[in-house]
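As structure tokens, one chain now follows by itself in the form predicted on its own.
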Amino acid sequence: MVEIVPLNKKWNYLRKILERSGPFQQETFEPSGEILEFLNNTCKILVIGAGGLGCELLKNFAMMGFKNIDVIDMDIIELSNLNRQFLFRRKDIGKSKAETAAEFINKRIAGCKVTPHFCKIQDYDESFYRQFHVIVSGLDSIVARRWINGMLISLVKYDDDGNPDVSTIVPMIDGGTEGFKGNARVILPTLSPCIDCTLDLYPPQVSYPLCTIANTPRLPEHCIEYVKVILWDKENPFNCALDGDDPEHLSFVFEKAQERANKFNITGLTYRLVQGVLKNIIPAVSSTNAVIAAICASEVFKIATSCYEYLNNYMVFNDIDGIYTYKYEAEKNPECLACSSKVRTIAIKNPSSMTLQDLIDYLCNNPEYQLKNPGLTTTLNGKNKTLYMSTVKSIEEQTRCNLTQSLHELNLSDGQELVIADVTNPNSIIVKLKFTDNEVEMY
């Protein structure tokens, strides 16, 4: 028989924390019944991602008294999701993750309202993100993390003395998992280190030289990339772009990659590896997701209620060999691309030999920048000039010739400022070129 809990006792476990004093409470905390009312009726939470972490987070928040929750995710449900993303069922395959997760929570938790957004985070502007009290990130993309990080920084207003107005700061709790390892961090935009401040913690995206893929493959990944990059466009088997979610496309890639692997005596090729390479899949473990989501939810609760000191500011979890966890305080980077007003300087040893393509490659491969697809503009003789931009076809065609020209040929001088737009940040960044004869390691 199911025990029916009276409505007035539903949140008793929260009242014990919020309506009485404790030895670990913040000095400014004043126990009150109004705090629970704030959680239930006023506090708005945005969960970014409805995957492994997102499902856990939505469940946690709904059962912790947060009734106004939004969730945003651009993905659809796949069969491989069902082993850990427990808000979905087989009948949901092909449906929106955000919409399905919201429907499940709304039906299961009385009084909870989860509003889904089946789109990219980039589809919304500042007015959308400004309405939330706390934002929780359960993303598996560094690019998306950096974009929302830049967006929240842009929301912060400053007073006449240049100090940030704390009332305009929207805290972000960022969680991430990979196999049996995970991390959680608390980010107060402009006050604490942001995603870009610790960008060197994220390894640059793995890429394989085209010459290796085409001529001397050594790894099964090389064989998969060969089919993806070269063979697919050459044979065009389905008269469409390669879709990593289409079983027929996956089977074609697997068969052709296996043929190439056999030709070069390469072992270790599997169907799962094909999926992983094509979709850049990160290993996921349910228990790790549950632990990191629980930590993130606890930090949101502490920030929303001010009942306890929140994490300052980075926590690492590892249960490969037993359970190991520790926390530390990361430091702000005074030259951070996102939260610092200081212009970054790029040292150029030989501007006569360094081409614009070399500069773009440097911005993409350097751990301190890790840009994805930068567009560069500058000011020459008082006029704006687009050096290169690939996102607009007509502009890309007009500026493509600049890629092979040296910085000198483009009339770029020492101290030249470049304005860079990239998908990793909703705002443009500025870098300054510094020509030097000193030895500078660019790669």
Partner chain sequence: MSSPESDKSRKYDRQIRLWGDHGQSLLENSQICLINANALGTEILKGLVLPGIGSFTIIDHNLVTEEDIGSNFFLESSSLGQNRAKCCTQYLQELNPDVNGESIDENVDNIIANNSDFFKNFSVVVACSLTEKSLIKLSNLLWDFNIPLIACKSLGFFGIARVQMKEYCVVETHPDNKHHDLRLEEPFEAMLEYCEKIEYGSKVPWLVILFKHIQEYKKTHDGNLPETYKEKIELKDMIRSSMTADEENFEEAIRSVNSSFGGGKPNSTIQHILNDESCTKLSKCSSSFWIMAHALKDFINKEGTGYLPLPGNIPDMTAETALYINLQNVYRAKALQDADVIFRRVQELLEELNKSCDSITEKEVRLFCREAAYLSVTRGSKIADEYEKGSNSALVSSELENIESLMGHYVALRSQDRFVTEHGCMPGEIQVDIDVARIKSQASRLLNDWGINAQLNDDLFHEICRYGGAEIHTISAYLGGCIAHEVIKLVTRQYKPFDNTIIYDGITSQCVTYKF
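Take the two forms, superpose them, and find the largest set of C-alpha atoms that agree within 1.5 Å; that set is the rigid core. Since we're looking at a predicted model, the values are computed, not measured. Residue numbers count along the first chain shown, from 1.
In what follows, reference is made to the form predicted in complex with its partner chain, a form of this protein that is not presented.
Chemist: Where does its partner chain sit in the predicted bound form: which of 395-403, 382-390, 414-422, 55-63, heavy atoms within 4.5 Å?
Modeler: Stretch 55-63 is the one.
Chemist: I'd like to check something about residue 351: if you look in the predicted bound form, is any of its heavy atoms closer than or equal to 4.5 Å to a heavy atom of its partner chain?
Modeler: Contact check for residue 351: no, nothing within 4.5 Å of its partner chain in the predicted bound form.
Chemist: Spell out, yes or no, whether the shortest heavy atom distance between residue 230 and its partner chain in the predicted bound form is within 4.5 Å.
Modeler: Residue 230: no, not in contact with its partner chain in the predicted bound form.
Chemist: Taking heavy atoms and a 4.5 Å cut-off, does residue 244 contact its partner chain in the predicted bound form?
Modeler: Residue-level check for residue 244: no, no contact with its partner chain.
Chemist: Please tell me whether any heavy atom belonging to residue 248 falls inside 4.5 Å of a heavy atom of its partner chain, as the geometry stands in the predicted bound form.
Modeler: Residue-level check for residue 248: yes, a contact with its partner chain.
Chemist: Looking in the predicted bound form, is its partner chain within 4.5 Å of a heavy atom from each of 116, 369 and 373?
Modeler: Not a single listed residue reaches its partner chain in the predicted bound form, so no.
Chemist: Between the options 336, 74, 87, 142, which residue brings a heavy atom to within 4.5 Å of its partner chain in the predicted bound form?
Modeler: Result of the distance check: 87.
Chemist: Taking its partner chain in the predicted bound form as the reference, which of 79, 201, 347, 210 has a non-hydrogen atom within 4.5 Å?
Modeler: If I apply the 4.5 Å criterion carefully, the residue I get is 79.
Chemist: Does anything in 287-302 come within 4.5 Å of its partner chain in the predicted bound form by heavy atoms, and if so which residues, in order?
Modeler: The stretch 287-302, when checked against its partner chain in the predicted bound form, contributes 287, 290, 291, 294, 295, 297, 298, 299, 301, 302 at the 4.5 Å heavy-atom cut-off.
Chemist: Is residue 334 one of the residues whose C-alpha moves 2 Å or more between the shown form and the other one after the core fit?
Modeler: For residue 334, whose C-alpha is compared between the shown form and the other one after core superposition, the shift is less than 2 Å.
Chemist: Taking the rigid core as the reference frame, tell me whether residue 245 has a CA displacement of 2 angstroms or more between the shown form and the other one.
Modeler: Moves: yes, 2 Å or greater.
Chemist: Please determine whether the C-alpha atom of residue 117 is displaced by 2 Å or more between the shown form and the other one following superposition on the rigid core.
Modeler: Moves: no, less than 2 Å.
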